[in-house]
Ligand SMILES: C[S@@+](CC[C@H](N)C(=O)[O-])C[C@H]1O[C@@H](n2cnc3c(N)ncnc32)[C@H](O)[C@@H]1O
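Heads up, the chain below is alone and in the form predicted on its own; it's given as structure tokens.
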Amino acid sequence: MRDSVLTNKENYMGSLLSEESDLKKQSRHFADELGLGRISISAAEAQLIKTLVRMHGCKKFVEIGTLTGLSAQYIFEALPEGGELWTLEKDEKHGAMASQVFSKMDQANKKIHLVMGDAREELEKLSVLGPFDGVFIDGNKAAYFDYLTWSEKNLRPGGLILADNIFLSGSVWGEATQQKFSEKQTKIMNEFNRRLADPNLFESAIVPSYEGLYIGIKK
């Protein structure tokens, strides 16, 4: 019943959104080829992220976890003229597919940079280009707290933090899940969530999507 309700809700929300572009469909197709279509961001959540990035006036943005370039396209569209997006990916196959998509995007007035390598190492290299206006965290779950620590140091005051999959399918509150998360992943995600919930550090809110989306503004 639950899956049926979710499907109906997602289908209804999808019917209210504009059809995704051919490049976005290509990113989804690539993810399906990798057997990772199920973890691709939904169109509704991607559109929300795009809207938040645009409303916040972000010009220099970092994405942690490119996959096949779907969410990067939404973020890129939200950036103003002169904006730049750095998107980080460790897996060579994912990066090659994302690169194919990015090569077809219009980058005349704003730029997208695909950064390959371990995100924790590459983020430190990016620090010299900061401060940044926003970050979208959607990478290695066991490294979320490290990503947040970097974000606190390298975002401007008032900078935007977006983080996906913060529920770990219910693992964070002890629910048995089909996808197995380690005790380390669950512990780190709970620490991450509590940190973002600290009102002395962030103005924050949670979007109760299926996987959970955290929105934080650095104080």
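Numbering starts at 1 and runs along the sequence shown. Just so you know, these numbers come straight off a predicted model, no measurement behind them.
Beyond the structure shown, there is the form predicted together with the ligand, which is absent from this document and is the topic of what follows.
In the predicted bound form, segment of 184-192, 32-40, 53-61, 169-177 with a heavy atom within 4.5 Å of the ligand: The contacting stretch is 32-40.
Heavy atom within 4.5 Å of the ligand in the predicted bound form: which of 101, 88, 79, 112? By the 4.5 Å criterion, the partner-contacting residue is 88.
So, residue 132 and the ligand: in the predicted bound form, are they within 4.5 Å at any heavy atom pair? Heavy-atom contact with the ligand at 4.5 Å: absent for residue 132.
Is the gap between residue 159 and the ligand in the predicted bound form 4.5 Å or less for some heavy atom pair? No.
Using a 4.5 angstroms cut-off on non-hydrogen atoms, would residue 119 count as touching the ligand in the predicted bound form? Residue 119: yes, in contact with the ligand in the predicted bound form.
Residue 70 versus the ligand, in the predicted bound form: is there a non-hydrogen atom within 4.5 Å? Residue 70 belongs to the contact set for the ligand.
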